[in-house]
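To begin, one chain is listed below as C-alpha cells, in the form predicted alone.
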Amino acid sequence: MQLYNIGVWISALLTLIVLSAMFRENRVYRAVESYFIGLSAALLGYYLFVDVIYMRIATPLMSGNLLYLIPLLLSIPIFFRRIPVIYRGTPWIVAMGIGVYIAVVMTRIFDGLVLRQLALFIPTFHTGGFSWSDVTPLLSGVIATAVLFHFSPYKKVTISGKIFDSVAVISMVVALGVLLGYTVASYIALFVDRIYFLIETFLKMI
C-alpha cells in the first residue's frame, strides 16, 4: 500500500473517531483528543524553540551581537526556579516579562483597533468616498464603547451617559454576534471539509 493511501486511511479513521463524539463521548475519542493536544503542544514547543531561541537569540549571538545575552541570561533562572536561591529573583523576571509583553500587546491593539479605524473614518469626511450615513454608526459605536469602559462611573447619572451606554451595549452585542457567527461559520466550514474528504477522497479510494 502506498504511503499516500496509508495517510488517507489514518486521516479518515481519526475524522470518524472525532465525529463520533457528536453522538456520544467515548474513550477512543478522548484518546484521539489527548493525542491531538499533545501533538499541538509538541509543535508549539518546536516552533517556539526555532522562532524564539534559535532565530531571535542564537542567530544574533552567532553574528556577534552580544546584546542578546541579556534575554538569554534573564531566561535561565526561570528554568531553574525550583532552586531556592534562584527562585527569589524569578518573580521579578517574570513580572518584568509580563509587563513588557502587555505593553507591546496593548500598543498593537491600540494601533490596530483604534488608530487604524480612525484613519479609515477621518479621510472619508474629506474625500467623499463614503457618506455620513455610512461612517456615523461605526464611529459612534467605537467612541461609545471606549467611553463606556473608561468613564462609565461618572456618567450613568446623566441622560447623555445613558444614551452612550445604550449605543455602546448595542455595538458590543453586534460585534459579539458577528464574532460568534464567524466562529460558527469556521467550524461549519471545517465540518464540511471533513465530510467532503470522506466522500470525495476516502470512499472513492476504497
Partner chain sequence: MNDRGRLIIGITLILLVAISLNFSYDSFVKSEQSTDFINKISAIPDGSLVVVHLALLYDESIEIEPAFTTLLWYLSRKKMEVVFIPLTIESGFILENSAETVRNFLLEKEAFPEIVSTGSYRASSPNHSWSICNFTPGSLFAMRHFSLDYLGCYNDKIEQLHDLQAVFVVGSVGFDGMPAPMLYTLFGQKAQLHTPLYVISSAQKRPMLEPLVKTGQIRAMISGNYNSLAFAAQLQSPVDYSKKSVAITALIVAVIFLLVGMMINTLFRKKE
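Think of the rigid core as the biggest set of C-alphas that the two forms share within 1.5 Å after superposition. Numbering follows the first chain given and starts at 1. In this text, all values refer to a predicted model and were calculated from it rather than measured experimentally.
The protein also exists as the form predicted together with the partner chain; that form is not presented, and the subsequent description refers to it.
> Should Arg108 be classed as touching the partner chain in the model of the complex when contacts are defined as heavy atoms within 4.5 Å?
It does: once the partner chain is placed as it appears in the model of the complex, Arg108 has a heavy atom within 4.5 Å of it.
> Within 4.5 Å, heavy atoms only: does Val18 come near the partner chain in the model of the complex?
It does not: once the partner chain is placed as it appears in the model of the complex, Val18 has no heavy atom within 4.5 Å of it.
> Is Ile6 close enough to touch the partner chain in the model of the complex, meaning at least one heavy atom pair within 4.5 Å?
No.
> Any chance Val85 has a heavy atom within 4.5 Å of the partner chain in the model of the complex?
Although the partner chain is absent here, Val85 would stay clear of it in the model of the complex, with no heavy atoms inside 4.5 Å.
> Report whether all of Arg24, Tyr182 and Ile199 sit within 4.5 Å of the partner chain in the model of the complex, measuring from non-hydrogen atoms.
The answer is yes: all three residues contact the partner (heavy atom, 4.5 Å cut-off).
> Taking the partner chain in the model of the complex as the reference, which of Ile170, Val52, Val142, Leu69 has a non-hydrogen atom within 4.5 Å?
Selected residue: Val52.
> Using a 4.5 Å cut-off on heavy atoms, what residues in 42-71 are near the partner chain in the model of the complex?
Those in contact are Leu43, Leu44, Tyr47, Leu48, Asp51, Val52, Met55, Arg56.
> Is the shift of Val105 between the shown form and the other one large enough to count as movement, that is, does its C-alpha move by 2 Å or more after the core is superposed?
It does shift by 2 Å or more.
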